[in-house]
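The form predicted on its own is given below as one chain in structure tokens.
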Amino acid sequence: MGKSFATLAFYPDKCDGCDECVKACALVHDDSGAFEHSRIQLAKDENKKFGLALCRQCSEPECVQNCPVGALSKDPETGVITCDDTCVGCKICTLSCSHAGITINELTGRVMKCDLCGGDPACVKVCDRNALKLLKNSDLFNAWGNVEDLVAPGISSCLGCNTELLFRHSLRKIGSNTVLAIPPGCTAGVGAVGVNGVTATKVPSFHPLLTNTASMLAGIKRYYNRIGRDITMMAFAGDGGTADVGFQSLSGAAERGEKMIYICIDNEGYMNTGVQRSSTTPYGAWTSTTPVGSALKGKTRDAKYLPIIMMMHNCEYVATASTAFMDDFYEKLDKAQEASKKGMAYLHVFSPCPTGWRFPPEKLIEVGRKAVESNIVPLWEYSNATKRLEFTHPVDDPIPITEYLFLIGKYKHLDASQLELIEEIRDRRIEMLDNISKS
């Protein structure tokens, strides 16, 4: 496995062109603070949106490979591309850079490269609109990338399946000392519970009914307790097997304080049996049982907000999560595993489905990210130890809900009145969570 590095991300919609980042960069690299010394430059396109000329620190940089004098090199430890004094200013590197991220200092006639300010970029610190961000997800990749994947390759999930992503990462983090319960749903359907005597998981996997996942895990846990073995019990259940017919056993296990990690993979419907609606399908969404036509425009009722219901069960730990924010999810898995030694830990993971929701597979992470950034899917956690609910990724200035909704085919039909109602539902939910967090 190769090494991954930190990088700077630029969000053009948040940029107002104030040039404070350019000034800060110039000042860091020369006491005069002249703009010519800045490693980054702002430009406006024909749509009056700002773009940032910035080195992306490519993994296999073309600029390094095409420098005729060998002045450019990539640091194998930090990933930062540097330019030394042998640069002759030929500008051949600029022709090979597809990101237009190489800056020429007009005072010296030489190439300049972003050096990330040693890991604490000045441009990020001065941007009060959060248009620049240092992404460190590479730390997670470097820390866990070499750990054994406990799910076999070649499982039969759909292209771009979020459930597979969630499944592999969760098992990698929780570890092999685990017993799984996987009721009927997408996770079982991809082969996780076995086909022809062969299972896709490298840990024991049981296949309960839709109705008894939590009670089955509770029984297995008590058996292991009796023989003196400390095993982590973990469920991967869809929203149907959790919020609908599986709820009675989940509620009972939570009330009894059974020691397990229960992960609800919420793809907002029965995706593997024909895309029918579930009780967590949001208002307005198209499904095969909430069609769009002259008489109906998608689901007429809002989703059951199960995480709050589980919080009221006095669980040891309850959290919402998204694979678009994997570092946040990994931290919550850690807390869930610790909490499961005392009682139930419940994770409700937002899981967009390219097949059932009708969006291209390559948009998976963008859909997940914009759901959070629009406050449609707030990320929070509750700990019974502190009796507090806290936002883990607070969004004070959410993007318009249409930026999320219109990425997805099941919402393409929404009219103005439906959009207004969805916005009201979102605002009420955020207000409720905010009030709880302050109580």
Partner chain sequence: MIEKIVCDGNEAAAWGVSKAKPDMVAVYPITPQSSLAEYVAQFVADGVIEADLMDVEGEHSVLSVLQGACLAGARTYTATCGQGLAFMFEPYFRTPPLRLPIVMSLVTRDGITPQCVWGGQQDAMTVKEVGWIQMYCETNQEILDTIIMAYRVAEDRNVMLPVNVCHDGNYQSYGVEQVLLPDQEMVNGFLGEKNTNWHVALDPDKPMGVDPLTGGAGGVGPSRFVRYRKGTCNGMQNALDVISAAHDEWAALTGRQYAPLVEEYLLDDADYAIITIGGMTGAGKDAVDEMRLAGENVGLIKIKTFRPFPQAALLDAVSKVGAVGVIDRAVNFGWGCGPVYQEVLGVLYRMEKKIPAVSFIGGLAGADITINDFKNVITTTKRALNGDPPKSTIWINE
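A quick note: this is a predicted structure, and the numbers were derived from the prediction, not measured. Numbering follows the first chain given and starts at 1.
If you look for the form predicted together with its partner chain, you will not find it shown, but the lines that follow are about it.
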item	value
165, 132, 216, 87 - the one with a heavy atom within 4.5 Å of its partner chain in the predicted bound form	216
Sole residue of 257, 291, 194, 360 within 4.5 Å of its partner chain in the predicted bound form, by heavy atom	194
In the predicted bound form, segment of 196-204, 136-144, 273-281, 323-331 with a heavy atom within 4.5 Å of its partner chain	196-204
Interface membership of residue 300, its partner chain in the predicted bound form, 4.5 Å heavy atom rule	no
Close approach of residue 98 to its partner chain in the predicted bound form, 4.5 Å, heavy atom	no
Partner contact for residue 224 in the predicted bound form: its partner chain, 4.5 angstroms, heavy atom	yes
Residue 179, heavy atom within 4.5 angstroms of its partner chain in the predicted bound form	yes
